[in-house]
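Given as structure tokens, the chain that follows is alone and in the form predicted on its own.
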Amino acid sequence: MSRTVSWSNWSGGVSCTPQRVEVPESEAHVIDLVRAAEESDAVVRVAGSGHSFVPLCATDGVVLSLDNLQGVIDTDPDRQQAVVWAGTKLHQLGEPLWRAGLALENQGDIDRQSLAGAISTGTHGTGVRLGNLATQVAGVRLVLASGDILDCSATTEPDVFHVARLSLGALGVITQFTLRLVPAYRLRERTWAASVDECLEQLPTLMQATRHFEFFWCPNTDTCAMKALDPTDDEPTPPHEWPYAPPGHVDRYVGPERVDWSYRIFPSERSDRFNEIEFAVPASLGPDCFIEIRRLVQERYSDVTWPIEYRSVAADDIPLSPAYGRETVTISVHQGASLPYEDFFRDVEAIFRAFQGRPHWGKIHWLTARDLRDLYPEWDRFQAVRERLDPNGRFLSPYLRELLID
């Protein structure tokens, strides 16, 4: 199916008018569309749920939606793996994996993204011993610019696999992932309010002692909403609906203790639209970086009411991962989608850069390839594979060229 239409992201901050938007019915259809784009010299970008706040998917060429390539293809409980179509939304994974006795090891608190988009931008949950979603990938299936299929894993095309786990859609169209999973498990969620001093004093202990710990700092009351998730064998508790509270109000994040299967506990309701900047900093610098951002908000942006989110991610070996080679803290700063953000976010970015920060690939920042190459020790290794698989830049939009090409 083909249609001519404008495309915009979830927050409404990014839009484009491509030549066409294509929704392929099959992998074979993807191959035909990519080959046609190669013949007509059109850029191809794949759009998932539009939860990136930067123009990763925007193009005046061809936008592909993989909404017809969704679902779990196969599960292997013995190997604790599953093969999944790349267009699958995260919220579509929990139930079929649970029926197979399996679950994602970790995930973020938004589950509306497509699997390919979340993995390819380094989306993550929280936990000092847990990596981002890309670390849970055991295999990647790509449609290359030539239209050829390339399957890669740690043992098949390992050089490609090493970089393809987090590739910004710059290597080809990912149609399938093989995921590394764990046995299905339940989580107990505890939330409570704390002062900033209490939070920072308890932070090292809570992060080490809790499987998943994070906090939201609420500027309007200078209070931290603490959130801890730990595995449990207890039975699920009855569902509880929290009354609505605006973003940045502690009551939005603090509620009764609850127990349920992991895929039901991880996600939070995010109905209020926003824009976001997030950087990953060395874990040892996380508290000081947060303190500087808090000071900035209190002294120069006291009208900001949206929260600041503080999470942890384990180090990994993926060349373009913000957690590459170092234990990591991520700090996320939000602003309502209808409100101006650029001056505020640019000042926040300056603090992040002073603390050795690496930007989340799907969130707002102003770094270019010249800035980024020094932040990633295996930058050239990624580029070598990209140039080999896509020598004509079929998957490079102008924005991707700014990010990846000097």
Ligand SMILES: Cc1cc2nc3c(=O)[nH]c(=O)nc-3n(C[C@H](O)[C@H](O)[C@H](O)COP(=O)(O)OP(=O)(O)OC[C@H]3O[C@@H](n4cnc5c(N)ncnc54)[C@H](O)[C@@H]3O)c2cc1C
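The numbering used is simple: start at 1 and walk along the sequence shown. Nothing here was measured: the structure is a model prediction, and the numbers come from that model.
The protein also exists as the form predicted together with this ligand; that form is not presented, and the subsequent description refers to it.
*Asks:* Looking at heavy atoms inside 4.5 Å, which stretch does this ligand contact in the predicted complex, given the options 360-368, 346-354, 373-381, 34-42?
*Replies:* Correct option: 360-368.
*Asks:* Has each of Leu56, Gln113 and Ala116 got a heavy atom lying within 4.5 angstroms of this ligand in the predicted complex?
*Replies:* Yes, the whole candidate spot contacts this ligand.
*Asks:* Tell me, which of Leu320, Leu93, Ala86, Cys224 has a heavy atom within 4.5 angstroms of this ligand in the predicted complex?
*Replies:* Contact with this ligand in the predicted complex is made by Ala86 alone.
*Asks:* Select from the listed residues Asp260, Asp109, Asp316, Glu105 the one whose heavy atoms reach within 4.5 Å of this ligand in the predicted complex.
*Replies:* It is Asp109 that has a heavy atom within 4.5 Å of the partner.
*Asks:* Is there any non-hydrogen atom of His212 lying within 4.5 Å of this ligand in the predicted complex?
*Replies:* Taking the distances in the predicted complex, the answer for His212 is no, it never comes within 4.5 Å of this ligand.
*Asks:* Does Gly50 reach this ligand in the predicted complex if we count a contact as any heavy atom within 4.5 Å?
*Replies:* Yes - in the predicted complex, heavy atoms of Gly50 and this ligand come within 4.5 Å of each other.
*Asks:* Is Trp217 close enough to this ligand in the predicted complex to count, meaning some heavy atom within 4.5 Å?
*Replies:* Judged by the heavy-atom cut-off of 4.5 Å, Trp217 is well away from this ligand in the predicted complex.
*Asks:* With heavy atoms only and a cut-off of 4.5 Å, decide whether Thr121 touches this ligand in the predicted complex.
*Replies:* Because a heavy atom of Thr121 falls inside 4.5 Å of this ligand in the predicted complex, the answer is yes.
*Asks:* With the partner left out here, which residues of 159-173 have a non-hydrogen atom within 4.5 Å of this ligand in the predicted complex?
*Replies:* Result: Leu168, Gly169, Gly172, Val173.
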